[in-house]
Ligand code: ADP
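Encoded as structure tokens, the following chain is the form predicted alone, with no partner shown.
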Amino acid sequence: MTGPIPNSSATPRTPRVATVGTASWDRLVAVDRYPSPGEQEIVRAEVSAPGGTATNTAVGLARLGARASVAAAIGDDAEGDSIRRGLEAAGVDTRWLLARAAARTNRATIVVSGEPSDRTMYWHPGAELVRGDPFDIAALFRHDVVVLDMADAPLRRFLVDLPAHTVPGARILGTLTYLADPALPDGLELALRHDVVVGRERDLLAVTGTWTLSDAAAALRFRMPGSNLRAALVTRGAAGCRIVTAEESWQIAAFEVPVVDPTGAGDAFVAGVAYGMAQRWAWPTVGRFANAAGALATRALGAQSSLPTLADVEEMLANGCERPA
């Protein structure tokens, strides 16, 4: 599956995608080795920059050439102002970026280590979207795809029930991160009310209450008939991604890249899936495109610093540098 992708820059189509969820301000520190308790480690690099899953995905979509909009909450502080300016500079529509009075913007302290090659996040909660916050629902669902990735379960329940009553053609892509919360009793039911879900393997196992990916896929397939859900794309790190539909399954290989920082790679993957959904590509094509976008997003410290352009992704796809199976 190498070579050009359908509807790429040679035959442009500009998809419209809205993301709804979390914005944050990230402080990242890079160390050679993650220290054990009581140990000390030298900080090799440090970056403060915009982050947040919904905002990262929106910037990723804008870099791919989509018309991206974001609905999220920020505080009325310097970090919130910087997030807004960064989104606008990237070409993201911020009309639904809500600055909450007397609130702090979400912040994350992220330790990026070479050994193990991973990141550890410390979350400082701040402003979040909740049900009842004002934004234009009809305008939101006029996008080709709406990405839902919010912590507020009542807001998610409200939004997944709307398209059939507002814009029947709207397609909802949901992330599994917050649905995997063990305190959420209806995570699987909510997942089934999206058109497509995306998440890490461990999140899918938590949502389905299973122990293996094959069991999780079987649980989804059993529930898909009669539900909204048409596909699940499961990220598996160096093993690439698994795509599950009611009748088929594909394992899509990951791409070989020198990883600097995995922060934001999952959000870039979501952006790739949303872009491919809007273009109505076949699922294996969507998975390979999203894998390339996620891999390219690991090239620099920070969630948004190395989000790829469409030309970057097309070059990686053409080179075909997947990991061996």
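Don't overthink the numbering: it's just position in the shown sequence, from 1. Quick caveat: nothing in here was measured; it's all calculated off a predicted structure.
What follows is about the form predicted in complex with the ligand, which we do not show.
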{"query": "Listed range touching the ligand, judged in the model of the complex by heavy atoms within 4.5 Å, from 287-295, 272-280, 65-73, 40-48", "finding": "287-295"}
{"query": "Listed residue that, although the ligand is not shown, lies within 4.5 Å of it in the model of the complex (heavy atoms), from Ala254, Ala180, Ala127, Val244", "finding": "Ala254"}
{"query": "Candidate from Arg236, Arg221, Arg104, Arg230 lying within 4.5 Å of the ligand in the model of the complex - any heavy atom", "finding": "Arg236"}
{"query": "Candidate site Gly21, Arg95 and Pro134: all three near the ligand in the model of the complex by heavy atom within 4.5 Å", "finding": "no"}
{"query": "Close approach of Pro262 to the ligand in the model of the complex, 4.5 Å, heavy atom", "finding": "yes"}
{"query": "Contact of Arg157 with the ligand in the model of the complex (heavy atom, 4.5 Å)", "finding": "no"}
{"query": "4.5 Å heavy atom contact, Arg142 to the ligand in the model of the complex", "finding": "no"}
{"query": "Partner contact for Gly187 in the model of the complex: the ligand, 4.5 angstroms, heavy atom", "finding": "no"}
{"query": "Contacts with the ligand in the model of the complex - residues in 300-318 whose heavy atoms fall within 4.5 Å", "finding": "none"}
